[in-house]
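First comes one chain, alone, set out as C-alpha cells in the form predicted on its own.
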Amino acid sequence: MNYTLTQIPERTVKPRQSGLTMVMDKGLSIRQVEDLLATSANYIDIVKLGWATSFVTPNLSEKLDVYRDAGIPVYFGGTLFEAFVVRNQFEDYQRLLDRYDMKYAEVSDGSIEMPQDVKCEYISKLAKQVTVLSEVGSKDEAKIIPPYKWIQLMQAELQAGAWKVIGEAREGGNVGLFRSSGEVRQGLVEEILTQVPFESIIWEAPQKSQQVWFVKLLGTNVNLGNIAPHEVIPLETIRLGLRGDTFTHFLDNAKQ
C-alpha cells in the first residue's frame, strides 16, 4: 500500500485459499494483459478464459506465458469442457490441458444435461491431472435449482476432488445465484452457507452491487469470481472499506 490507514480489514496474502479474486478474460490481447498485470497483479489470484474464447484467441500460448510469468494461474472456461464432452472428445480435452501446460481446469454442466455421478467422475479423473474448479448452477434463467440441491451438488463435487466450487451467475450476473434483475437470491446463499464452508466457494459476482453484498455478508476475504479486468482495483477498495458502499462497514473492526 502507498500509505497507512488504520482500521483497514486484514487481507489474506497470495497464494490465498480465501479472499480469492477470479478475473474473467473474455479476449484480452497480450498488450492488454500486460497492462492489466502492471496495475492489478497483486490482487488477481486466478484468471478464467471465458467460456470457449481460447478456441479463437490469437497467440494463445504467448498470452498464457504472460500470465504465468506473473505467477497467476489460468484456466479454460467450463463451456469449453462441455464442448469437448458433448462431442465425445474428453480425452482430447485432457490432451489439450497438457499441450498448454494448464494446471487448473473447470468442470461444469451449465449448458448441457449431465447426470451428477457422471460429472463427479469427470472431476475425479481431472483431479488426478490438474486442480479442478467445479461450477454449480445452470445458465438457463428458467431453470431454478432449489437450495437443498445446490448444497448436495456442491458437497458431492468437493468430495469428488474439486478444489473449489463456483456458484454460477454467468458473466452478466443474472442467473443462478441471482434473479434476472441481478438481485442476490439471499435465502439461497444463506442456506448454502449452513452446509458448505465459505472458503470452498467462489461466488460469481460480476456486478458491483453483488460484490458489495457478499463482502458485507462474509467479510473482506470472500472468494469472488467473474470480475472484469477493469474492476479488479475497484473491487479491492470495496474489500478494504475504501469505497462508499462499504466505507463504514469495517470501521472499529479491522480484523476479518
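So that there is no doubt, residue numbering starts at 1 and follows the sequence shown. Nothing here was measured: the structure is a model prediction, and the numbers come from that model.
The same protein also has a form predicted together with another copy of the chain, omitted here; what follows describes it.
When you look in the predicted bound form, the only residue of Ile151, Leu96, Ala160, Val74 with a non-hydrogen atom within 4.5 Å of another copy of the chain is Leu96. Among the residues Tyr67, Tyr43, Phe198, Trp213, the one placing a heavy atom within 4.5 Å of another copy of the chain in the predicted bound form is Tyr43.
Using a 4.5 angstroms threshold between heavy atoms, Glu10 stays clear of another copy of the chain in the predicted bound form. For the chain shown alone, Asp101 is not a contact residue for another copy of the chain in the predicted bound form, no non-hydrogen atom being within 4.5 angstroms. Within this chain, Thr53 lines the site of another copy of the chain in the predicted bound form, having a heavy atom no more than 4.5 Å away.
Taking non-hydrogen atoms only, Gln17 never approaches another copy of the chain to within 4.5 angstroms in the predicted bound form. Contact annotation: another copy of the chain lies within 4.5 Å of heavy atoms from the stretch 116-124 in the predicted bound form, the single such stretch among 152-160, 180-188, 129-137, 116-124. Contacts of stretch 1-19 with another copy of the chain in the predicted bound form, defined by any heavy atom lying within 4.5 Å, are made by Met1, Asn2, Tyr3, Thr4, Leu5, Thr6, Gln7, Ile8, listed in sequence order.
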